[in-house]
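Quick setup: the structure tokens below cover two forms of a single protein chain, split into structure 1 and structure 2.
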Structure 1
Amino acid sequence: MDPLDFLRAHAPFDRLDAAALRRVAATLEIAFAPAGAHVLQRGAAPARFLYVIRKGVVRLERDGEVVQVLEEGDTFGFPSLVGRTSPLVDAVVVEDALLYQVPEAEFRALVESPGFAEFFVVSLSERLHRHASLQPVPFGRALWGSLEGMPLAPVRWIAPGETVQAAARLMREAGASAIFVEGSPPGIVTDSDLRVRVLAEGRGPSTPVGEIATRPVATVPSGSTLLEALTFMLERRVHHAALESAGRLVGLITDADLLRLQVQTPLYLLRTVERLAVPGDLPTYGQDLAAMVGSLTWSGLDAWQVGPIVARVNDALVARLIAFVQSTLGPAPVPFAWIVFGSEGRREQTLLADQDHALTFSAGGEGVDAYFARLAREVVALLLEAGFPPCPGGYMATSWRMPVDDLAARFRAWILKPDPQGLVDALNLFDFRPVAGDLDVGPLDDIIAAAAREPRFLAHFARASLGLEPPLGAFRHIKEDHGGVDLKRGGLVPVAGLARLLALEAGARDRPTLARLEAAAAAGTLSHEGAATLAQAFRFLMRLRLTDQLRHLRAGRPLSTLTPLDALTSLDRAYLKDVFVAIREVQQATALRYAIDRLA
């Protein structure tokens, strides 16, 4: 019959089997809503139906602003329906609409089929995909890239009455080749001015800096491309270009910066790490890494693409540190593996993060334990020196250090007798990745892969994986906590958790979240649309977080786990909310599918 034929031809009803479609037909209602009608009202009672537009046009509006225009075959009302919350948007009929209505109770029965529930986040994935700032930028955009966001040294200022010696000292401290001189208009003094206008002229170190400054300063707008700045410097035959924004000098780009961009390549850093003087060079490791990440990001790599590079460099560091310790401790008595987990295990680390590692070896024994205890202690100390804070949860080789059979026994115990602490350990260690040593840890992987056949474990693991939720309020606004949003705990960890769970269920052995999502989609534990949405959400959150962290670093502020909402553009804020809502919906769909509330 007609209504069913129509539904059968439209997603997500096309994913339902004949029996489920018959159930839909048994409760389906058809309503007419004339142009101008408000089918849903923001802040009013929750939706009682899932609406499918059979004919007509419905607009979703937020504060009178059009969020989405829906047409024949489109559905709406889902978020309010599943969350039993007030609608997030007004649904206003633009052209007379014939609406198919699936009542709430029937809808709840339908979401138990995975494809059906996950369908509802598709449109967000598509919207995110179209979001211009999320388009990948080809690597090597360098010359065409805007100077804004380029990793530059902070600008120093000096009063015109100060001496050139004071100016030279400030420049030395800042590692800068030029300094701005206060005044109206402001001036600039460069390395070559000190040479040409002071030393060569026979002036003394007490010469007031104002006397030799160049005024006014030649500037390029801060939004210029690197190519424009380069052209400017070539034309003027200068080594510096001051960046100007809204009449103020905001930065300085030098030809040395251009060189530095070339130098901070991963390969350069990798070579540096391999030649690292231990422990003397360790304290600047974090800065070097941050500089590399900054320049990679600026030159067009997305945050999620930076992760594997950082992992490679960090792995090299661990290998270097272990080799260093072994140079005094001697070779290991038995084969061993240094394994990392958490985000480092998934290769999703961008800047220095907490240490997360364990040490396992082929067999125990008295001398063996003592050797690895010392190895762990000394490597952890060196990592601390390189700027990696200790793991607050204690997941470090100093305590997680055991023969591989013991570790395997623990893995099996977590799977066969899931208890709260075991599940927390599993969440961490199941992302493990060996980075140094020659022990084969493949058997550990086999144990994890076998967990896919343990429904009881999967249900418990699902509950543990869904433990952190996006910070959304009752009316789906983003909740700030202590003046910001924790993008990691509120977004990245929930997505990583879903990916780990669904890939595990699929029997996949991938570690990176994006690869896990693909594996889950390929195996059918997650729909392709759900996977695409989570992947977009993950990339978006990675980028947002890294951008914010780099902003902190450039300003010389300590890193914070919280990102204040007003530090984001309004577009990013809007997308962040959509991303949080999408994550929560997949979490809810997943919870329904695993029947988590039925767990004891």
Structure 2
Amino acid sequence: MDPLDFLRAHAPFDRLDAAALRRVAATLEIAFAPAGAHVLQRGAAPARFLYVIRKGVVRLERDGEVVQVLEEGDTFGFPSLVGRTSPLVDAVVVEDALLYQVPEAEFRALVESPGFAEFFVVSLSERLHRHASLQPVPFGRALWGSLEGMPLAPVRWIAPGETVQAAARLMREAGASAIFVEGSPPGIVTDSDLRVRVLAEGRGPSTPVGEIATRPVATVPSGSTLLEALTFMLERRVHHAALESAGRLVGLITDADLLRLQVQTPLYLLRTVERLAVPGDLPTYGQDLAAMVGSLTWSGLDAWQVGPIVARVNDALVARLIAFVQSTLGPAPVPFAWIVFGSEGRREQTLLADQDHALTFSAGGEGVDAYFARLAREVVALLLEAGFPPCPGGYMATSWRMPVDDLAARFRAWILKPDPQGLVDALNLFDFRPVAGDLDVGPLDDIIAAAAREPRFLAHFARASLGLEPPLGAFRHIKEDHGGVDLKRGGLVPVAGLARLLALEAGARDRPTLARLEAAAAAGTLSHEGAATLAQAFRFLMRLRLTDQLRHLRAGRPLSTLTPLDALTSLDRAYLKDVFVAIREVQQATALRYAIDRLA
């Protein structure tokens, strides 16, 4: 590869136009530096070049401490060049190096290019944010479009004293599935209301429509995006979203409107799940979910935005499977809750993953455990049919099934008497979220929140949370394992662990990692800069991982936990290394903060 092609493939030169690249290549000097050579020395004369490593390894040191290890494609020397000051670090060649040297005059010309200069002067979190915002959004990505530009049907109104028959007739004539009801506040009646609140309850056609209307009407601003309307419907499990402007109802969007836009929406899959033929339709669930995720990603959503939508659809599936099993098993003898945890509990799952769930109920008793044992066994079997692998650690309702008082006692024991297994259990279950059943599990949340007042537990929890580290070698280069990097274990889990720990100390009850980081920054258990860096790192890693997973699916290959570095762009590889280094630095600071080295 000639120098021009090499530079074009590496940041920040990949941001230059063709003319600037040719000018750099024309002025480039090539130098060989043997192992042990000092290319720059701290306190010596200012650098005269921007150095680009073509081959070899260079280590930056300060007082003998390794600051950073640089590899092929990395640059160094720019702080000294920019400030025309002595280097702040030594640059020592570790492995024989071939260096491309960009002269100072040419470097100063290049920094006039905003994209080139940004690489050197903007913080990591800001660079990641800008990088994400620059990802191409193809024409026609409808989810980001405004509702104001959509051809929606005119708003229909009816007086509250009119009959439901008149309302049904008006809706039929308008081809509408909902109608607004006059009054203060105004109300809404949908076709579902006519079935559930009139026909199912034996009411007659002369029933005043005002008696069955829903008031007040939940609304979204008329200037919202299609995505915001979609999220509104998913969160409320409705098929309509009323539009509001200046305090007035001005329109209505339905799931049918979304389908007309040929958007492969989660609402479509949600409706399919709610009408699922069990077990006949289960084997295609994973494919349908992957298609939806691919569509959402194509529509411009980032991976961290896809997670909550996937969680909502998976929740509906679990509820559907429980209802199916109960159709033969009968109603539950006591109130219960099916809870999920791990990434599903945090709403950060993007594709099918291991089952992580538990079943808790208000009280034990004769026949109670037998009922829930069978419920758990049959629901787990159906989830397997739908494509959810079993949890390797055994965190499934077939094993984790007990009265809520017993589960609460375990939570307290993990906090008051932390032991290794209890801490592992806490790392999993403290992300819990109820998805089905009618049991109030709020008291469990209270117990977790109280852990903020237990410094001994926090210290042990910190050590457990720091168990996984980024895959960096002794010289801070990225280590591949069996031909790839595990972005989940090496990046996402460490960030999620830091967020969980620091939010717990802050007394926050949030589950999603990004919300926890915000809560930690607001409470002062994490700096705002640290929170911003980890948040952007988390988004970056989720995007890389989902992109690689979707690439596997499109190629018809099974999903892999490993992402090959050579599958990434040079800029993504450079950012990945920076992200791993940033995560490790926060982990090291956290270890000092909780003094985990003093624990027995």
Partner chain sequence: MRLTAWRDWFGPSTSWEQAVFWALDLETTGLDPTRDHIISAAMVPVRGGTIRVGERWHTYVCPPKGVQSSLDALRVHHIMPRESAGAPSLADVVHGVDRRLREGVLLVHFATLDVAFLREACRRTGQRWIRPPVVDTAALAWRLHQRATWPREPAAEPDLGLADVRAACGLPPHRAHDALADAVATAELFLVLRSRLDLRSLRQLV
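Since we're looking at a predicted model, the values are computed, not measured. All residue numbers here refer to structure 1's sequence, counted from 1. The term rigid core refers to the maximal set of C-alpha atoms that superpose within 1.5 Å between the two forms.
The chain appears twice here, and it is structure 1 that represents the form predicted in complex with the partner chain.
If you fit the rigid core between the two structures, you'll see the Cα of residue 438 move by less than 2 angstroms.
Here residue 247 counts as shifted, since its C-alpha moves by at least 2 Å between the two structures after the core is aligned. In a rigid-core overlay of the protein, residue 220 has its C-alpha displaced by at least 2 Å between the two structures.
After superposition on the rigid core, the Cα atom of residue 40 is displaced by 6.5 Å between the two structures.
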